[in-house]
Every structure is written in structure tokens, then in C-alpha cells.
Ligand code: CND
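Take a look at this single chain in C-alpha cells; it is the form predicted on its own.
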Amino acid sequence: MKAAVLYEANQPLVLEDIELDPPKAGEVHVKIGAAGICRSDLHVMKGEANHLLPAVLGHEGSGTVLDVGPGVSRVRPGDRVILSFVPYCGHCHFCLTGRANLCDLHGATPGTLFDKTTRLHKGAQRIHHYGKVACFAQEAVVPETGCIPVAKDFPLPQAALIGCCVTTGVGAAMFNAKITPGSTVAVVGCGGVGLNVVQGARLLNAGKVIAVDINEGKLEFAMGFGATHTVNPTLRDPVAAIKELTGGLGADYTFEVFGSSETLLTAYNAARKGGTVVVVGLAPVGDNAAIDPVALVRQEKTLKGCYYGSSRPALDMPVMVQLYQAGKLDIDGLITRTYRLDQINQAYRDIDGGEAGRGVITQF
């Protein structure tokens, strides 16, 4: 099958023929129908995040089940599925306490499937799976728990975005912060995930939703998803601007959705006393933020991490599907560019160049 393989950081992905082994017990063979262009893959491509190489990247995907391994009962051939990049074991402490997004076994097996082996290879050279999804390819073998069924007529590009940016962003607002009606919200970073934090805040009836980004095109785009105000940090101090928009208090909830120490500090300093700061973006390895511990105590702010929207994919992705079908989540409008698999390097040049909205590979 054709796949885009990353052999070395800061080098283009290589589109080539590689081999895919059949699914083992508890695994599913999927024909990829759509794959989102997400910045998390770009971090690996730039060497800003550690991952075993060579690897097939791509973690925001959807497709159609071709075959299943022994013991699989959740899906069958012909089913359309959203692919979750945090499949779960169902047995560890975090799975058993309702936090499957923090599954220990998944975290302990990076770059492989649950049995610590790969299904991808080129001859004798093994190739790793990013997020146990590896959807920058025509096909994939994934864990059964990484497959969330949807109706056979559900559009695959929209399903792919539910697999990452929609659930991560809306979930951060809904499941992690649990935004209350009438509250003030600031979202620092308005890429694909940030836009979904914005529309999650709108969905939860926030009073003011302040979009913060250095890209004017992204700020204008965010207004269409529920932002009520915008702030460009290249034009004015973002913390001062957010406080001005919130009566001098700061926002009740702030979200860091870009991934850097600088934007984390912006979100932290823009939160009011007693406010909640939710860190969603993945900063480059070694990019650490210095938080004043005395101010943290005296101002009683809450600083929280949020992985995958603090969601339970098997339960919460169907909720995103229902919200989309009810017209309460705009996923169609997120998609501003479509690509063929052989255009993947151009797709990442576009996202790195600041294009608004989400790009999706739809032809393989």
C-alpha cells in the first residue's frame, strides 16, 4: 500500500509502497477514508516531539473496516469508524476509573500496537505507528478500542476531525473546564483545536469568548465559530486586552491551545483570581514555563492539563456526532482545504504557514 513515511526529522515525508501485516487478536484492518492535517504531527516532523522513527504519522482519521482479527466484536467489515489515537486497554487503573484517555498500556507502548510490535514494514525494516493510528496511508491496522462506529452514510472527513480536533477542543471546554453559562473565556491559539474550544464555549453559553492569535485571518475565522472578541498579541498586550474586556478581572477560563511556554504564560496571566487555566497545546520538548508559585497560591488559580479533551472516546465521540447532526457543532466549516495523499508535504507547508481552518486528505 502507499504510505507517507517519516525517516528523519526536518526532512520531507516519503511517499512509497510499504507492507501492512494482517490484524492480530483484538485488532482491526481499516481502509483510510480521510486524514486530518494536525500540528501534532508537525511537532514530530520538526523534531519538537520525540517519536520512534521511521514512522507513518497521522492520528486524526476515519475509514471503513476491511477485516478484523480474532476476538473483535465491536465492529465488523463494512462499518465506518472514527479512529481514536488513544485506544485503551480497559484494565489499568485509569481505564477502570473512567479516564481511558490516560490509559497506562497505551502510554507504555509508543510507536507500536498494544503487543509492542508493529504491522508496518518495508521488507525487513519495521516502521512505527503514530498514535496506533498511522493514517497517512491507504490502510491501517489499529486496536479495536481505537474504532468508534458511525453510520454508514456519515461523512468521513467530518468523522476524521471528530477523531482529534473536535473532541479535543470541545472536550476541553465541556469535560475538563466545564464552562458555566455567562462566564468569560479566552482561547490562546486559534488553529483547528482552538476553534473547537471556541465553539465549545459557545455551545456552553459563555458570555464572552475572546480569541487570541497573531494571525488576523485565524481571528476573523474564529468569529464564525462563536468568538465575540479578538486580540492580536502583535498589536497590543494580550493580557491587558483580555483584562480590559473583562472589567479588569481577567477571564474566568483561559485555554492555551498553541503549545509554547510563551502562550501558556499568556493564558495563565490572563486568568482572573480564582480562574481556571486549561493547557491543551503540546509545547516542544524542553520548552518550560516559569509559573510564580506565590502568585498561584495567593490568587487561587487552577492550572490544569487537558489531554484529548479529557474525553472518553468510546462514549464522548458519539456525543460529538450527535451535536454535529443536530446542527450545534460546525464541522463542515472547519474544512478549508482538501488534499491527495501525495500532496502531504504541501499540506504541512500550508499549516506551518498559518492557513486558517483544517486541511484534510481525502484521496489516497
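Bear in mind the structure is a predicted one, so any value in this text is a computation, not a measurement. Numbering starts at 1 and follows the sequence shown.
The same protein also exists as the form predicted in complex with this ligand; that form is not shown, yet it is the one meant from here on.
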Since only the chain is shown here, I'm wondering whether T184 would be in contact with this ligand in the predicted complex (any heavy atom pair within 4.5 Å).
no
Does K301 make contact with this ligand in the predicted complex, using a 4.5 Å heavy atom cut-off?
no
With heavy atoms only and a cut-off of 4.5 Å, decide whether A137 touches this ligand in the predicted complex.
no
Non-hydrogen atom contact G207 with this ligand in the predicted complex at 4.5 angstroms
no
Where does this ligand sit in the predicted complex: which of 66-74, 24-32, 327-335, 38-46, heavy atoms within 4.5 Å?
38-46
With this ligand left out of view, choose which of L102, L105, L282, L249 has a non-hydrogen atom within 4.5 angstroms of it in the predicted complex.
L282
Please identify the residue among R119, K218, R80, R202 with any heavy atom within 4.5 Å of this ligand in the predicted complex.
K218
Thinking of F85, G192 and V257 as one candidate spot, does this ligand come within 4.5 Å of a heavy atom in every one of them in the predicted complex?
yes
Using a 4.5 Å cut-off on heavy atoms, what residues in 45-62 are near this ligand in the predicted complex?
H59
